[in-house]
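Quick setup: one chain, the form predicted alone, written in structure tokens, and binding and motion questions come after.
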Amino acid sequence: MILMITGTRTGIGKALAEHFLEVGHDVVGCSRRPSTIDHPRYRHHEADLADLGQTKRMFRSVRQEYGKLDALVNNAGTSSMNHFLTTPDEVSRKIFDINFFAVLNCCREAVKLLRKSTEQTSAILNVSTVAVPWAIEGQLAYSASKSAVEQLVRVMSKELSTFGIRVNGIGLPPVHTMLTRTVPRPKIDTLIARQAISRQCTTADIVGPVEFLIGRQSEFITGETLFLGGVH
């Protein structure tokens, strides 16, 4: 399988890329900075996904090298914790540029390659967050951008079904990553206490569900966002 994962320099994206490489797949990754992964089946692109021109060039390179994609995992994202009254307009717009519009553009470009997949179905998986169902204070722009991503999943799953492309989402509780490193520990603990599984999610917890949602075992699943940790 040939899959693209965005945001592979650190955290969840890097862990996913390393897992899929380990089990024998080809992985295309990207970030705004150089790669931290060294593997013969890994290709890294330095790209700012908020720039449509750079996004188009990246997918053009993927088409020239591989000619197709079997799966796309839209993992790259950004966040800012602040009361909406004191959140600058440019910060909110940047969050939407990365969390929603970059996802939309990656999906649009990837469809051209996913349609050429030789798998029974190809797949898009978008990352969401518990900040959507929990409406966490201080995360208005972030949760709104991810809510838009969940709506993207529902609508796009219908619009791409005739192409044999499934679209799903995965909703994550707090994970120890670059995005959460500045969140005070008491805040993290309060959120974990709301989960049915009362411990912090790890990257190892995410690998299996991602593998399922983009793999053959889930060929009859589309338009869904699966939340981890028992958050509902």
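Position 1 is the first residue in the sequence shown; the rest follow in order. All of these numbers come straight from a predicted model, not from anything done at the bench.
Below: the form predicted together with a small molecule, not depicted.
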query	finding
Segment that reaches the small molecule in the predicted bound form - one of 70-78, 83-91, 109-117, 156-164, heavy atoms within 4.5 Å	70-78
The unique member of G11, G215, P209, G223 whose heavy atoms fall within 4.5 Å of the small molecule in the predicted bound form	G11
Whether L49, I98 and P173 all lie within 4.5 angstroms of the small molecule in the predicted bound form by heavy atom	yes
is_contact(K187, the small molecule) in the predicted bound form, heavy atom dist at most 4.5 Å	no
The small molecule contact at R32 in the predicted bound form, heavy atom, 4.5 Å	yes
Contact of Q195 with the small molecule in the predicted bound form (heavy atom, 4.5 Å)	no
Proximity of T129 to the small molecule in the predicted bound form, heavy atoms at 4.5 Å	yes
